[in-house]
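Before any questions on how it binds or moves, here is one chain, the form predicted on its own, in structure tokens.
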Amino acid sequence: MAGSRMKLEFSRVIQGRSRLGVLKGLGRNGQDSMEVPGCLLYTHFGTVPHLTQDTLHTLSNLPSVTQVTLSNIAEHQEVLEEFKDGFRKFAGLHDTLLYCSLHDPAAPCPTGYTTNKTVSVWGSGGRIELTVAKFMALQKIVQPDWYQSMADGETWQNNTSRKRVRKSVDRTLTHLDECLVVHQNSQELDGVEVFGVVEGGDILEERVRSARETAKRPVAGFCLDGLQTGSMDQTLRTQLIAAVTKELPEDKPRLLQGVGRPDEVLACVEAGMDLFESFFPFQVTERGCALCFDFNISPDPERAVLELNGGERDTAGETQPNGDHNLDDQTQMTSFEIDLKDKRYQDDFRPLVEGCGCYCCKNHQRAYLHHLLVTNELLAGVLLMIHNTAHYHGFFGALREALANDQLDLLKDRVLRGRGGQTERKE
């Protein structure tokens, strides 16, 4: 495989960890780029849930990279092989780069189905077993711009034995080597980049070994797996990320899988992560909730965007303070959102978020969204997904702005104190 064109160019590195810059050399022609820290555009089979392409593109500042997953695609392999022109054209995607991951970060993935030769993904029709040959055949028909190598990621549970974690690291490195051999001999994958996967569960030595060995391979970047919400507390996650990143080359991107909550994103950026999956807005939408947290760091009082609830303490669906969430459940409501199914919103005629420029907030009120939800109207999901997507990507824009202007502490204070209209003192 020819040397990777993908390179990170930094404008700032703060305290040796938080990285602000541009990931350049993207796409088969190497002419595309994206800002970091950033997130990918989350999709189901190439479509942002609830939104058509036309509706999606009413939003500004969308990520330049769209994430698709083999768990959605694998059961359609024969159709795509017959189509022959790649997944981007099949799904009607335009002006976007494609990143292909193994699993859907918003979907449960049962454990206990890996072997030395196979991993399993779960589509709508059930389990699909992938060998390296089948995995690479799928990459050839998807024709992504980059993809995650095949990996044994079943060690995220905190009761996983050291022996099982070691086997996971060994298997993942073997899969990577086998994928690279096929990749180097595949004309269909010329110009496509490979991300190596760092495993290791919650065992520091195995994390470091996985990172060190993966970095020796000719990969364009790294996916950190098994650190997702629900697998461990933030303190341990940060320690593991800090140890892993010391083993990785500075100029290659680091993608963290399965972490989307704003407080966790902030902590992981401070630990040295560059890229995230944007599945969190979809999870919030599926709960009938709206993202409603403050990330405004502008000193301009006229830009008082996100004056969330006018000081009203929002106790609807109130959850535990940040840092004390149930680690076993990614589906419960978080303190960054409001539950619009609650009766308090049936006569609340404010937008979801004051000052938000999305279509939903400019045209509709909380009371209308409440009505749509309690009557099970499909439009509820559309409007919520528009707002939640816009709000989440706005947060990442504010994060880059904060890093550029030495305002990360201010942003953290806004995000952690102004959650869902609540004002709580940061510990």
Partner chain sequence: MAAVIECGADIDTTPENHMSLKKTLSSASPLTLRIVAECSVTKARACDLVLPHCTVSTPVFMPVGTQGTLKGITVDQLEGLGCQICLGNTYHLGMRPGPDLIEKANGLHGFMNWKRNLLTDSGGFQMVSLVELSEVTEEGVKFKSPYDGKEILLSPEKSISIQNSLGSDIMMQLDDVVSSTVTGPRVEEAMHRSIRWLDRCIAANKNPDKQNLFAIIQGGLNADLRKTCLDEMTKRDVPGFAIGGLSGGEEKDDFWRMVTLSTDHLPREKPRYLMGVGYAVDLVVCVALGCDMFDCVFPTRTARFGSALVPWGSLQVKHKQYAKDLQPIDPDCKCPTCKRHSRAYLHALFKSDTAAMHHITIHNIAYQLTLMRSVRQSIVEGHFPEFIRTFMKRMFPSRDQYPSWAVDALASVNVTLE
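Residue numbers count along the first chain shown, from 1. These figures come from a predicted structure and were not determined experimentally.
A second form of this protein, the form predicted in complex with the partner chain, is not displayed here; the remarks below concern that form.
Highlighted residues N72, E78 and L372: every one comes within 4.5 Å of the partner chain in the model of the complex, counting any heavy atom. In the model of the complex, none of the heavy atoms of G126 sits within 4.5 Å of a heavy atom of the partner chain. Using a 4.5 Å cutoff between non-hydrogen atoms, G30 does not count as a contact of the partner chain in the model of the complex.
Within this chain, M34 is remote from the site of the partner chain in the model of the complex, having no heavy atom within 4.5 Å. Within this chain, L59 is remote from the site of the partner chain in the model of the complex, having no heavy atom within 4.5 Å. Put simply, of K246, K216, H94, R162 only one has a heavy atom within 4.5 Å of the partner chain in the model of the complex, and it is H94.
Heavy atoms within 4.5 Å of the partner chain in the model of the complex map, among the stretches 105-113, 146-154, 199-207, 345-353, onto 345-353 alone.
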